[in-house]
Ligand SMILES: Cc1ncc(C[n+]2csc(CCOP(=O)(O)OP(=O)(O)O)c2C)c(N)n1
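The chain below stands alone and is given as structure tokens, in the form predicted alone.
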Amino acid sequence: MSESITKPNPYFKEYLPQEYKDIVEKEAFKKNKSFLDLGVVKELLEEHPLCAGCNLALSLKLILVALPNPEDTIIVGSTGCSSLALAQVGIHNIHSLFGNQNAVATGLKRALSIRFPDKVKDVVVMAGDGATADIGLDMTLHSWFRKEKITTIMFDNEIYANTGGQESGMTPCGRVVNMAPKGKKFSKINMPEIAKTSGCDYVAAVSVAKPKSVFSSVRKAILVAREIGPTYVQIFTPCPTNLKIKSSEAIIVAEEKVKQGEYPISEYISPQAEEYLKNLGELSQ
């Protein structure tokens, strides 16, 4: 993989938005960025198609800053709001069919390991709750059962945001949403616990309201997936549009739900992963 794939064709460069040229030319592939680099360089086009106040857009920027080696990272996305944003970044990415992102990532990781045996190639899945925990749950779980060395990141907005706000398996019990006018009848799927029992060596549930925690968890998850086994990060990204939140208050709602205990924050590290991170000096990050 090379930076050249994102560089504009010189014959068309003058017609491209300045923002895209900024992403490519201003350190999009800078390795080992710090949390403090957020906002210093462009990670995502500012005129992206996501809604005003979208917490997913903010979490995506945090993820992109956290990538240990952007040039040698491939993001595998799926249908949903996140797929609209992935077209606006300067990192290699693949759009897969709805729900099969972990299967695509598995094949990709194995192929890269054969093609580049002496080089680190990080494969990171990014998808919503529908693609990860509902329609794509079988492929998500089997990649964990097989101990595939990929990182899975879920944007947990607790709803099917891209198709009108229907309930998903991640919607909390009792919440009134489209297709659940009397409130959802069963509890939210406990994906962090499922990830732990399915073989993930690093599991974290974080909130976009705690940006440093998102950065740290994503960084650790990708590093552990390189050598130890599958990893999972769940990021709470409440949707302002479908949950009827003012765009200016979306991040505040995310923070309040954590404070009130409605969104539990957690981190699990297997003994092997803990030793590995300790040797890398990343455990306390």
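Everything numeric here is computed off the predicted structure, so don't read it as measured data. Throughout, we count residues from 1 along the sequence that is shown.
Omitted here: the form predicted in complex with this ligand. The next part is about that form.
Heavy atoms within 4.5 Å of this ligand in the model of the complex are found in one stretch of 183-191, 202-210, 121-129, 86-94, which is 121-129. Taking a 4.5 Å heavy atom cutoff to this ligand in the model of the complex, the contact residue among Ser198, Asn162, Thr73, Thr106 is Asn162. Think of it this way: in the model of the complex, this ligand has a heavy atom of just one of Leu56, Ile222, Ala254, Val65 within 4.5 Å, and the residue is Leu56. A residue is said to contact a partner when one of its heavy atoms sits within 4.5 Å of a partner heavy atom; Thr151 fails this definition for this ligand in the model of the complex, lying far away. In the model of the complex, this ligand sits within 4.5 Å of a heavy atom belonging to Phe98. This ligand is not drawn, but in the model of the complex it has no heavy atom within 4.5 Å of Val177.
Among residues of the shown chain, Cys81 is one whose heavy atoms approach this ligand to within 4.5 Å in the model of the complex.
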